[in-house]
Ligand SMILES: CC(C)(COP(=O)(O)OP(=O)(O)OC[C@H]1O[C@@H](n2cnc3c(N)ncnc32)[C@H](O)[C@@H]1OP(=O)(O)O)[C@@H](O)C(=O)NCCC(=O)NCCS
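One chain is shown next in structure tokens, namely the form predicted on its own.
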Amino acid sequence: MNYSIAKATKAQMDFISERYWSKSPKWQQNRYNFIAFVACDSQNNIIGYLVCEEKEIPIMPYGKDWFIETIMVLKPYRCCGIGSALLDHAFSAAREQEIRNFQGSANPTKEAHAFWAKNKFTFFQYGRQHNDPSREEECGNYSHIIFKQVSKIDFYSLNRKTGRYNFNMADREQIDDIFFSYIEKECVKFYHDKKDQIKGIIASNADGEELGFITWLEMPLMPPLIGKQWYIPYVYVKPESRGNGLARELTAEVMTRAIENSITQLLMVHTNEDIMPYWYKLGFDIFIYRYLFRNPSGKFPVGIGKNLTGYDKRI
């Protein structure tokens, strides 16, 4: 079908506000401050729209992101690629403005999750399972934060190793030491009762000297998503071995093993916001918890993740 996509005019913002968001004071008062894109048919009728709110990233790597307020395509025009085209247009515009990433939330329906999965967003489950039988499409499912980096960093170029290091699975004694020395002290409480489920890789040099490690914890994706994900509690390199790319190679090793095990995404949630620039440079998607809560310390817990295999074949 024929349609065009462009940035919304004020008149189109008025139409969207009055037609779809008349009960929202936030929209009525601030609609011209949002970033919006509309899809129109050949008669210039609006058949879909995407609305974002620009926000300052309060931590490194700083800059701005676009929080997705809403995306909608009229029912007769769905499943024609219009929603994805709206996202593609927005991402192109965001790159021109050096926006770093997109964040939003996925409604607890299979349709919504399939859409964001098709467009290669990363998911982080939050809130409780929806169990209202009167809302059949949501019942049994969870809502998710969705996030995706804007830049076109070649994430899979991460999977390049120099051959300088040996990588071996950690035994239980090594995992216990890692858990009590690092994970229990420095990671979010989510990991604290899961010691026996954590696995890891130890990196060593040709002489057998241990130089660093990376750990992971396998968890199922939450409904309506299907599949498995690996949470990464901790990555560590000895101070004297830093600056040589070992952390990147450890991450690449985990990524390789995850793909071999049909893992859908890698994910990390951490209270140390200073780690974000490292993962961002590697092409990981990032999100900030500021929309949910803030630590008493004033720091923002952060999330880092990456879609490895694509959800569209798994939902």
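Just so we're clear, the structure is a prediction, and the values are computed from it rather than from any experiment. Note that residue numbering begins at 1 and tracks the sequence as displayed.
The form predicted in complex with the named molecule exists for this protein as well; it is not shown, and the discussion that follows is about that form.
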property	result
Contact residue in the predicted bound form, from Lys195, His130, Lys118, His89 (heavy atom within 4.5 Å of the named molecule)	Lys118
The named molecule: the contacting residue among Ala112, Leu221, Val235, Ile183 in the predicted bound form [heavy atom, 4.5 Å]	Ala112
Contact flag, Cys79 vs the named molecule in the predicted bound form, heavy atom cut 4.5 Å	yes
Exercise: Gly200 in contact with the named molecule in the predicted bound form, heavy atom 4.5 Å	no
Val150: touches the named molecule in the predicted bound form, heavy atom cutoff 4.5 angstroms	no
Ser241, heavy atom within 4.5 angstroms of the named molecule in the predicted bound form	no
Segment that reaches the named molecule in the predicted bound form - one of 204-212, 121-129, 224-232, 99-107, heavy atoms within 4.5 Å	99-107
